[in-house]
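What follows is one chain in structure tokens, specifically the form predicted alone.
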Amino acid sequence: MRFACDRTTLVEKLSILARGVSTRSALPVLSGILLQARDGRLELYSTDMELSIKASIATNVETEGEAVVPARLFTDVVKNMAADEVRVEAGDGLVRILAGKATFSLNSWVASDFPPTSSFDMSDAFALGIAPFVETLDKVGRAASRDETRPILTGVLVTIGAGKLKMVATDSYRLSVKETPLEGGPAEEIQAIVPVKALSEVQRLGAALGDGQLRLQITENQALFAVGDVWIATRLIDGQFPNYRQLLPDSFDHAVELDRAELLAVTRRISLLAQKNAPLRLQFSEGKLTIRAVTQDVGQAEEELDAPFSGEPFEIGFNPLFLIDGLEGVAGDSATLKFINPLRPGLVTGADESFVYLIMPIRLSS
């Protein structure tokens, strides 16, 4: 294999591929990136057996071939080359990187050692706008669990069809639901539980693209995404997603509408003193909301806001980071907090209620 290509473009693609490289596998070749040079293009692949990434670059291919290079070292070498163009040659278990007067030789693996990845066949894919997909995931994805012992909660329930995109995620301490109007999409509604890890990669690529189209194909056990000249494949999560509709109360005893920016700013400030797992305390009384935090051996803080509250005073506690996530997900100038009592979940939403965020309270001690 022998090819030459623009160094900056190659580094950009290698940085994307690095996110699919396994860091924990007992199979050494999974720490590498497969390079395939043919037909005037360089195809790059990485996989951790759950997530696979492919990228493509138009390249001057002198000799077709393929090899697996050590991902981190190969990327660092290319990144630190001084010339604008790099040449790569591979054969006999070695890959050589040449630029200017510098030459690096790295041990490599043969391509046959690299496990099969997705075919990345998107012949049945449909297109939708990348912006609404990124916006929806940005509000919902943070509520998905990162605890691999409960795999179903590490996924996002994605429903596409009938002119809308809906995503739902929960880590059992909070629940986030966002519905977004959508142009394009499949002919019939589809639903799948997609790992948040893969969706986060799609979100990252889409945010960098800014605008444009996302191509998506969901099969029985796999989701395929294409953003520009990068493809992402992931296994779907098999199982029954929690019935989130049953988790959302039909009614609340209190609904308090507040200025979202002011509430978020106060919450962030007071949260500075909610350390060592201390809760953020929201104390409601006639016409006001007092937000407090107390951490033993550290200190305490409180701040008062005008609030259209009437009724019996009560105090409820939340994980401060979870509450901040919910407030950040609300669009518009106002945020509405809804409650039943201090021991039941609270809800954060906006004026149009296209985004709802349910959060479990923390039992407060005196």
Partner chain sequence: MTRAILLIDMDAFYASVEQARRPELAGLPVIVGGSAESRGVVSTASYEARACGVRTAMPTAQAQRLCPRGIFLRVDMKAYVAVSKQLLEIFGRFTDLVEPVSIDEAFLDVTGSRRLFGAPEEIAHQIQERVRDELGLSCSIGIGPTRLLAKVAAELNKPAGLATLRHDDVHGSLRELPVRKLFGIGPVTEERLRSLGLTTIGRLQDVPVELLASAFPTGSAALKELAFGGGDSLVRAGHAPPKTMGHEVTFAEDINDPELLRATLLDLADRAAGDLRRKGYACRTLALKLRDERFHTFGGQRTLPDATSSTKLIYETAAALLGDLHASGCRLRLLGLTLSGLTAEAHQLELDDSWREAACDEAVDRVRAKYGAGALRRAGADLAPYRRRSDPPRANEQRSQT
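Residue numbers count along the first chain shown, from 1. Every value quoted in this text rests on a predicted model; they were computed, and no experiment measured them.
Not on display, but discussed next: the form predicted in complex with the partner chain.
With the partner removed from view, the residue among P132, P279, G185, P195 that has a non-hydrogen atom within 4.5 Å of the partner chain in the model of the complex turns out to be P279.
For the residues T59, T336, N319, S31, the 4.5 Å heavy atom test against the partner chain in the model of the complex is passed only by N319. The closest non-hydrogen atom of S108 lies beyond 4.5 Å of the partner chain in the model of the complex. In the model of the complex, the partner chain lies within 4.5 Å of some heavy atom of R344. The partner chain in the model of the complex comes within 4.5 Å of no heavy atom belonging to K139. Within 4.5 Å of any heavy atom of the partner chain in the model of the complex lies no heavy atom of L258. Here the chain stands by itself, but in the model of the complex one stretch of 204-212, 70-78, 228-236, 271-279, 271-279, has heavy atoms within 4.5 Å of the partner chain. Looking at the partner chain in the model of the complex, residues D84, M122 and A223 place no heavy atom within 4.5 Å of it. Taking a 4.5 Å heavy atom cutoff to the partner chain in the model of the complex, the contacting residues in 156-179 are T170, S172, Y173, R174, L175.
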